[in-house]
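Okay, so here's just one chain, in structure tokens, the form predicted alone.
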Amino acid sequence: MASTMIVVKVGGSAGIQYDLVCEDIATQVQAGRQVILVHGGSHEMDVISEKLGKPPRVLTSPQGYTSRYTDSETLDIFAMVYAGKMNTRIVERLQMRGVNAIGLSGIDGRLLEGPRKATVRAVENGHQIIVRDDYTGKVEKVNTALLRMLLEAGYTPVITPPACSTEGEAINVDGDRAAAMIASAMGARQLVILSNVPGLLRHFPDESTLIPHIRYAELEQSLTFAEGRMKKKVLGASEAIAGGVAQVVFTDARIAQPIQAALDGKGTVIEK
């Protein structure tokens, strides 16, 4: 199963062409590959949060990683946007292209499970603060039996946060790192991470500074120039390769056949 399986993560930033991504997933599935799609929804979440009068608050860790502050009310909006609107619409796009997709959030069947963080450290106005009412965590366990059962029955899983805490609570988790855990746990050879840039850029946002190939051993130093959400993608790539995934590719979700482009080595290819 592993040799023909690809895990694809598509981000939720503005500019992503979900129709092109879904078109390519349909091509891959029809060619006999098993695809697991993990998706985000950050841009849509920001838009809807503003409309609902609950503008997004971003926490920055002392290491420079950003995450969405997720209190109970934000978690409701998060579930509505990610597991509701985004997941349903992506499944719909795939069904229209003949792919029998099934939408799941990480809390369904404890598909994605991990501890909720008791506290989160953040930096605000140059000072470290401790946030205690945050519903975030990290995926440490994947229900591979559920995914294998669905794949063997011919379904294409479409997965989104929230995940399930060890206590059974819904928690916000990073989608790139969740996709890395899924790829590792399922024994996938490749993880394709699609976003609204062509790959890892040495000087963001200058697309001419694309880094075409990077070794796992050099990944950590790329954190010094990876901007914003790309830091989490680099971290996810590192965790995937440490977990046995042979190749991670960052590529552009704004182009036709983005997954095939990644499999052909376009974008940033990360290997041991």
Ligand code: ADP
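All values derive from a computational prediction rather than experimental measurement. From 1 onward, residues are counted along the sequence shown.
Note that the form predicted together with the ligand isn't included here; everything after this is about it.
Asks: Using 4.5 Å between non-hydrogen atoms, is residue 171 touching the ligand in the model of the complex?
Replies: The answer is no: residue 171 has no heavy atom within 4.5 Å of the ligand.
Asks: Though only this chain appears here, would residue 157 touch the ligand in the model of the complex if you measure heavy atom gaps against 4.5 Å?
Replies: No, residue 157 stays farther than 4.5 Å from the ligand in the model of the complex.
Asks: Please run the contact check for residue 218 against the ligand in the model of the complex: heavy atoms, 4.5 angstroms, yes or no?
Replies: No, residue 218 stays farther than 4.5 Å from the ligand in the model of the complex.
Asks: Is residue 226 near the ligand? Define near as a heavy atom within 4.5 Å, in the model of the complex.
Replies: Yes, residue 226 is a contact residue.
Asks: Looking at 45-53, 241-249, 218-226, 24-32, which lies within 4.5 angstroms of the ligand in the model of the complex, counting heavy atoms?
Replies: Correct option: 218-226.
Asks: Only one of 164, 201, 142, 86 comes within 4.5 Å of the ligand in the model of the complex by heavy atoms, so just point that one out.
Replies: When the ligand is considered in the model of the complex, the option within 4.5 Å is 201.
Asks: Taking the ligand in the model of the complex, which residues of 6-20 have any heavy atom within 4.5 Å of it?
Replies: Sequence-ordered list: 9, 11, 12, 13, 16.
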